[in-house]
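Single chain ahead, by itself, as structure tokens, in the form predicted alone.
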């Protein structure tokens, strides 16, 4: 399937009931796990299995693969509801859906079988693209694959790979023809346990329940059958869908932060009345409400437009606007929650600091603020290069 022949939903669902189901899943499966995972900086594999059993892996995939055949809109609902409890376990589902989609949209029957196992909860994947010097600049990646008979030999290093050390298969972008520039790239479904693959967890303040890794490929032999017919164009198209999910992720997180701050402001008393009765606090919470609702409208507008099947070119302005605003707003809203918490907000007795810390990753994932602003300016016809 080419990037111009985009998948559109084949099934529909009662979205109110679907949202209720996702919220119940988040309460039942995310809630009991995330704090221990945050403390130990380890991903709970049983959460992935639970998400698969609930049908949240492969929401947009074909029913023949075990998917639901739903749309980006439903995927955003699931991401928002899970992120209201914890955005970091939620992102593990996003990773499975993004990496899995490379396999089921562009893969051979053998590669689509890997995707089927991902959707069934039998095989975790990670999307392995970012490098130390090629984050936003995907065209500048250096990892290389050289043909050797019926195998390819991979060499290079990837960084900030979510679940890179936990996944069974690394869906890895590498150069196969340096002379062809960005057109000379391809994905490989690499078995993480292959000789020459090493992973090392990167210690971070954020994303701890879904750890990030440095992944090194040292003369890793990958069968030709694991080469996916997808490369730079396909991952750039995929990034646009992923940005809608990122916007939904941070929408859920900021809604959680606002809910907590509003409740705390009603029960925390100073000078004989709730602090929320003070205009200075009330106005901050009112502004946070506007941020949340604006992010909601931008996110679901972009999701609905994605599902309409219009060309990627016609989606960029909406997707980048949603992603930019949501990732800016979540920082503002969580900082408001931290401020409402006062001195207690800096302690582990309240969730305010954890909410604020987790939001700090928002500006730099799947295209920084500057990248989104550049995309928006170009879509406006401004010569910003």
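Positions refer to the first chain, counted from 1. Nothing here was measured: the structure is a model prediction, and the numbers come from that model.
This next part talks about the form predicted together with a small molecule, which is not shown.
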Review point. Counting only non-hydrogen atoms, which stretch in 160 to 168, 308 to 316, 289 to 297, 216 to 224 is within 4.5 Å of the small molecule in the predicted bound form?
Key: 160 to 168
**Study point:** the small molecule contact at residue 136 in the predicted bound form, heavy atom, 4.5 Å
**Key:** yes
Review point. Does residue 111 reach the small molecule in the predicted bound form, with heavy atoms at most 4.5 Å apart?
Key: no
Review point. Within a 4.5 Å heavy atom cut-off, is residue 377 in contact with the small molecule in the predicted bound form?
Key: no
**Study point:** Contact label in the predicted bound form: residue 20 to the small molecule, heavy atom within 4.5 Å
**Key:** no
Exercise for review: Tell me, out of 190, 303, 257, 127, which residue has a non-hydrogen atom within 4.5 angstroms of the small molecule in the predicted bound form.
Suggested key: 127
Check your understanding: Just one of 240, 143, 284, 212 has a heavy atom within 4.5 angstroms of the small molecule in the predicted bound form, so which one?
Key -> 212
